[in-house]
Structure formats: C-alpha cells, structure tokens
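The chain that follows stands alone, in the form predicted alone, written as structure tokens.
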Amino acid sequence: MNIIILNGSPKGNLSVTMQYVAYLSKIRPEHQFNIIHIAQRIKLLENDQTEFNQVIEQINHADAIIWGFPLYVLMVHAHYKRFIELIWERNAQASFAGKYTASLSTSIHFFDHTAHNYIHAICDDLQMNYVDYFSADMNDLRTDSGRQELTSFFDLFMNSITDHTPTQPFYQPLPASNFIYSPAPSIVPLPETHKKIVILHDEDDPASNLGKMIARCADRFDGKATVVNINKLNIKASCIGCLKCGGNNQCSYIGKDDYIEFYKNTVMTADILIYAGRVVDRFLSSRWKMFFDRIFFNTHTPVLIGKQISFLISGPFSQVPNIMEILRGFFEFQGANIVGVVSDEMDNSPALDKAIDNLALRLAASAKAGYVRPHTFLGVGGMKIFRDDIYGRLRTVFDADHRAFKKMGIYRSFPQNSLSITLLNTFIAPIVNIPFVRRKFDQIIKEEMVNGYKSVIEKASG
C-alpha cells in the first residue's frame, strides 16, 4: 500500500516520531512509506500554492494516511495546525474524504490524549475513516514490548483497510451561528483594582463579535487593561524543538524576535490575564498555538503561579470540550487559577454583556483575595509526570527545570521525603495488617478517618 505520513515535527527526519515510522518501513517493506515534512516546511506550503497542491496530489493517490507527530504544549505543533487550517482555506477537504487514517505520536504521556482527540476530530470533520491511535512513550521503540505493540497497531490498521472495516464517527460537525453581538452602550467600570491586567487576543476586526467582547471587557476595567493583539507581535515562528533552552532557558530565538521579552515583561508580570480568540477548526487559531508553543523557553517550569486567568471565545466553544481540557491542563500545571470562560454562543446580547461584566468582577475579586482553587487531576497528575521525569531520565537535557524544581520544592512532594509517611509505612502498616489487628482496624476505620478533622472544626469560628 501507498502510505502517506504527515510529519508534524519541526525537526523533520530527526523527529523521534519518525524513527517509529522508519522502523515500520523496515519490518514491512511490502508497503511504500512516503513522509511529507509538514511542520518543517509550513512556510513553503503556506506561501507557495504549487507546493501545497503537490502535497494534496500525493494525498489523492494515497491508500492510507498516518498523522505522525510529537506533542507540543498539550497538542500538535503550531505549524501542523496551520497546515490543517490551510486544508479548509484552500478547499482541499475532498482529497481526504474516505481515506483510511490513524494517528501516531511520541511523548512522555503529558496530555497526549488531547492531541489525539484533536486529530481524531479533524479526521471526522474531513470525513476520513479514522481507525485508531498509537501514543508511544518516546523510548518505547527501544523495548521489545514497545516494538511488538507498534507492529500490532500497524498490522491491525492495514487489516482495517484491506477488509474495508466501517468506522464510527466520534465527533459531530460543529454548528454554525449567525448571532451578531450588539453590546449595550453604557457600562459601569469596576473600581480601581491596583492589579496589572492584560488582555491578549488575535482579532483584527474590532467589529466582530470577539472584537466587541474584548472592548466590553476592557471598558469594564475602565481602560486600565493592557490590550495586545498577538498578530502584531514580532514572532518569527513557533518552537523548533532544538532543546537549547533545556540547560539554562536560553532560547534560539533570543535577539531574533520580540516574544521572550514580551512574555517576561508583560505576561509573567500580570496579575490578571484574559485570553481572547476564535474557535478555528477544533482549537484556537494556529497563531495562538504558536504563542503557546513559544512558552517553552521556560521549558517545564511553572511561571504563572497565582495568576487569574479567563477566556473570551467566539464560536462553538461548548461543542469542543477538548479545548477546555487543554487550557485547564496547561494553566493548572502553571499554578494559575482559571476564573471562567465567556463565549458568544448564548445568542443574546444583554446576557453576553452580563456574562462579560460578571467575569471581570470575579477576576478582580479573585485577584484581590489571592484565590487559587485546588487543582484537579489535570494539574496535579501533570505535575507529577514532569516531577518524576525531570528528576529521572530527563534531568540531563532539562537541567534548568531540575534546578527550578528543587528551588520551588516540587521534589518535596515525593512520598519518600515525608518522615511521617516513612515511619507509618515502615512500622505501623505491618502491625495494622496482622490479620487479628486488621479485623479490629476495619471496624473503626470510618470513624478514625474523620477524627483528625474534628479538632479543626471545633476550633473554627465565624
């Protein structure tokens, strides 16, 4: 079979993901593997219609498509997403329709599910036959079991094509909306918050729903918010995956564009951050994805701890829950507090006015209180993944993270670092689990679990 690999890595053939493809081509020589370096060539594909058309022509003649990509900030790389946007902008959807497809990624399993959710949804939107995904740890190919699993995945994919196996679409088409937001002319500004407020957006049309939502929110802060269109920032390109930042956070783009200086001086110094954007395919725009990818000059070190975050979204936001999964995972990992989201889906201008006004009020109140709600599994689990890998196998490459994690006390969350837990597990647990002791323990466990809270409650006062 003629299999097209759409490579989502900016590193081209040096991508770890492409080593998995190279292995498949070696053990299954009866198939033809044609790799197209999408992310690495995005500028050419974007600026040269002929080059883009050649890619589409190759897809036309393919028997199968594999979307192969590494993880970049909880999703695919910005340049990969830009290619997906070009498919719709240049009306090339028909070349994908009906093709059998699967996705293959490499990562350390930090939000790999959201990246595959995104690609699966894109494939459904393109009316492709999405068969399966394979999310490998970056080192799986070095193990016998990893190679066996990869081989089985590929063989089952090929069998699905040969047998014309029917596939079930998982994601429904996104609804269109004709709602035009007409904000009320008057607004009551909030009192001076004495907090630094930054509104970041990618909207070039002030008359659009999003443009008017941004203006309404800025007016609510009585002109005290710094409003920045990220389209007008000098950002050369997305992260190139060179890992130069791993040793001392020195990005390859230092001195070449304005991103790092802007992020350090404007974003990292803000108290309140409002991100505004449109739903473009199944996420925000590729420009927004580029903005998020470039945050990697901080590698995996949280730099937004305690900040108040909210989102203004135009489009069918509630129909794409994967967007909020990505945003919540990222900002919880960063140690920030997500206050809320307002989208223009409500199709009611007065209600949208109230929602924006209330969001600004809650942002100000949360900032004044210094409130950060307890993080969910997304933030807690994500941090533990990086804690373990930075302490272990990734330390050599990401020494800057290792030093930061030590300084921030992240390693103190290892259970073996707690003397009380060590003593409990060493001396008490063996005694408790003697059969006759355990039987008595089981009779009192429910009451004992809450005893420690009673004194706290007794001491509480209004």
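Note that the structure is a prediction, hence the values are computed from the model and not measured. The first residue of the sequence shown is number 1, and the count goes up from there.
Below: the form predicted in complex with a small molecule, not depicted.
Undergrad: Using a 4.5 Å heavy atom cut-off, indicate which stretch of 103-111, 373-381, 175-183, 321-329 touches the small molecule in the predicted bound form.
TA: In the other structure, the partner sits against 103-111.
Undergrad: Identify, from the list 233, 341, 158, 73, the residue with a heavy atom within 4.5 Å of the small molecule in the predicted bound form.
TA: That would be 73.
Undergrad: By the heavy atom within 4.5 Å rule, which residue out of 241, 315, 246, 302 makes contact with the small molecule in the predicted bound form?
TA: Comparing distances to the small molecule in the predicted bound form, the residue within 4.5 Å is 241.
Undergrad: With the cut-off set at 4.5 Å between non-hydrogen atoms, does residue 221 touch the small molecule in the predicted bound form?
TA: No.
Undergrad: Residue 138 versus the small molecule, in the predicted bound form: is there a non-hydrogen atom within 4.5 Å?
TA: Within the cut-off, so yes.
Undergrad: Residue-level question: is residue 296 within 4.5 Å of the small molecule in the predicted bound form, judged on heavy atoms?
TA: Within the cut-off, so yes.
Undergrad: Would residue 445 count as touching the small molecule in the predicted bound form under a 4.5 Å heavy atom rule?
TA: Answer no; every heavy atom of residue 445 is more than 4.5 Å from the small molecule in the predicted bound form.
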